[in-house]
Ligand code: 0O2
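Heads up, the chain below is alone and in the form predicted alone; it's given as structure tokens.
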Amino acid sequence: MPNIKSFQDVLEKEFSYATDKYAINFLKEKTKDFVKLMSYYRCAMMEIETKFNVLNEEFSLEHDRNPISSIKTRLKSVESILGKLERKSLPNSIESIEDNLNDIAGIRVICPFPDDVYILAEALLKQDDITLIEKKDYIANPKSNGYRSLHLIVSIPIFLKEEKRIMKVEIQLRTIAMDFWATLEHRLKYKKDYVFTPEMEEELKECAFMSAELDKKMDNLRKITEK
């Protein structure tokens, strides 16, 4: 279990940035319970990350290469959580957060090749302590803006001193090329004080198509070298 003090520090930092009156009151009243819940989500992320690291090690031994380039984890901020509850017209409570939001804890797994994405996803979902809640394949069916990634919402048990809790984690699996496009698309499209034009949207879609073609070409080269 991570040190609670570290989460207290994180929450206090979030509190210092909070400007919305309701957000401030919420933090004052629910700090302890919120910190505890965030620690549970962080533990769940640790469990999932460990599973991917074990799969990466096993794959490396069998195939002499790693299917994982990097793993990133994140917890939603306090104001982001409250904002999502408000947009969905959901109760502002600790129980509501746990019951209704699936993306508080997030893990992004970056793979060299598209095949690696599906190999890892399949291997993870075969494990008997993982339950699939939702799957969205934006690689087979990209979003209208060109975004590609495989999204999984899963639940996993974490074992505490006196109880077992089932926690939800959002997992995104994508290739290096997909991650490159998505990262820069977000930086460009959501830059402050700039209106993104339809022409620029089309340019981004074209870049997404080029990214997909790059994945195909690199994957074909991999298959040739592994024959």
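Quick note: we count residues from 1 along the sequence shown, nothing fancier. Values in this document were obtained by computation on a predicted structure and should not be read as measured data.
Quick note: we don't show the form predicted in complex with the named molecule, though the next part is all about it.
- Comment: 166 to 174 is the region of 166 to 174, 195 to 203, 36 to 44, 55 to 63 lying near the named molecule in the predicted bound form, near meaning a non-hydrogen atom within 4.5 Å.
- None of the heavy atoms of Y118 is located within 4.5 Å of the named molecule in the predicted bound form.
- Contact between I48 and the named molecule in the predicted bound form is not found at the 4.5 Å heavy atom cutoff.
- At a distance threshold of 4.5 angstroms between non-hydrogen atoms, K88 is in contact with the named molecule in the predicted bound form.
- In the predicted bound form, K143 approaches the named molecule with a heavy atom inside 4.5 Å.
- With contact defined as any non-hydrogen atom lying within 4.5 angstroms of the named molecule in the predicted bound form, the contacting residues in 71 to 98 are R74, K76, K84, K88, given in sequence order.
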